[in-house]
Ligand code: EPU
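Only one chain is given next, in structure tokens, and it is the form predicted alone.
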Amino acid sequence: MRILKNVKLAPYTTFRIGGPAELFAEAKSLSEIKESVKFARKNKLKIFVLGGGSNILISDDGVRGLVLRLLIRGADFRDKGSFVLASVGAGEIWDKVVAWAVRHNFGGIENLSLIPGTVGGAVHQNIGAYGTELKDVLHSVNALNIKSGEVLRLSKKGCRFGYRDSIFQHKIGKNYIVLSAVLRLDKKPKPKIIYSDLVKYFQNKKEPSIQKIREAVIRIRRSKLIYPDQFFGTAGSFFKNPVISSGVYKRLIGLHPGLKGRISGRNLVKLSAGQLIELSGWKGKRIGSVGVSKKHALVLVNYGRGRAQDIKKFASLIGSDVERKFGVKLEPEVRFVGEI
């Protein structure tokens, strides 16, 4: 495999932002990953694993060390009676996996249609949309421990999933490179229509097939510009939906009666970050080459010449306004890479 120098990373991210990788390699197999890890350890280099580049903001100065882009492909399944266990490579494009599952009428991930990125990134982030999260269907993950060289199998419990969180974002998990994920998919799909957009879309209609749910999710997501297109760079939802106590929520809706909130555990309520941003007056606002989408307030947009520091500063202004108006802090869902 080839180790390249000073490879610009912007084309490898959906934000279309990012300076050069000091060193860059692509790995299509476990042996190539091990070879890259060996090279990095020998030369005392940090490793940054790059998937689809859909949930990151890379510094304009680039990334020191070795950027390893995972291209492990492949998908197969084992029939288990009422369900199948589908094993998919970490480098597979997530939406292609969803399309494959729906085509075979394997249910469970159709609500996660059109989320950009790879399977490895989906696991890392515990992606979620329209009432479904990856953890709902994940059976296990195969990962390489870059320190020991051992290939591990982590159960769903071992992945320590949380809201847009997993073990792979924390100290011990940062030594793991996701190789593949095993998904538990239903052979007799049970449509999940609990999210308001889907409820509205399918009102007065018979129980839809998972094919129809996928079509609906794709249509809704595209209408809200939460998927990069040929004209603009985005990273999808930039902020997490904040979770607050039910007591704080009661106080807030006394001041802001239309504030949306969903029960998120005992005495906890999840707010809509998009609504908070919109009520703070940021939807559609633009400063220079960066802005907030006119269609969806959670989407920050690079209109062509935006830099990482522009996005970070812009996001900080939004966060400050929301906290000043509502007393609620917004946390980025997008991961910052390098010095920004």
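What you see is a predicted model; the values in this text were computed from it and never measured. Note that residue numbering follows the sequence shown and begins at 1.
Just so you know, the form predicted in complex with the named molecule exists too; it's not on screen, but the next bit is about it.
Proximity of residue 29 to the named molecule in the predicted bound form: non-hydrogen atoms within 4.5 Å are absent; the residue sits far from the partner. Within this chain, residue 118 is remote from the site of the named molecule in the predicted bound form, having no heavy atom within 4.5 Å. When the named molecule is considered in the predicted bound form, residue 241 lines it closely, a heavy atom lying within 4.5 Å.
Interface residue remark: residue 202 is not counted as part of the site for the named molecule in the predicted bound form, having no heavy atom within 4.5 Å. Scanning 248, 194, 225, 85 against the named molecule in the predicted bound form with a 4.5 Å heavy atom cut-off leaves one residue, 225. In terms of contact with the named molecule in the predicted bound form, the residue from 161, 77, 176, 130 that brings a heavy atom within 4.5 Å is 130. Of the candidate stretches 38-46, 59-67, 297-305, 311-319, only 297-305 contains residues with a heavy atom within 4.5 Å of the named molecule in the predicted bound form. Residues of 272-289 placing a heavy atom within 4.5 Å of the named molecule in the predicted bound form, in sequence order: 272, 274, 275, 278, 283.
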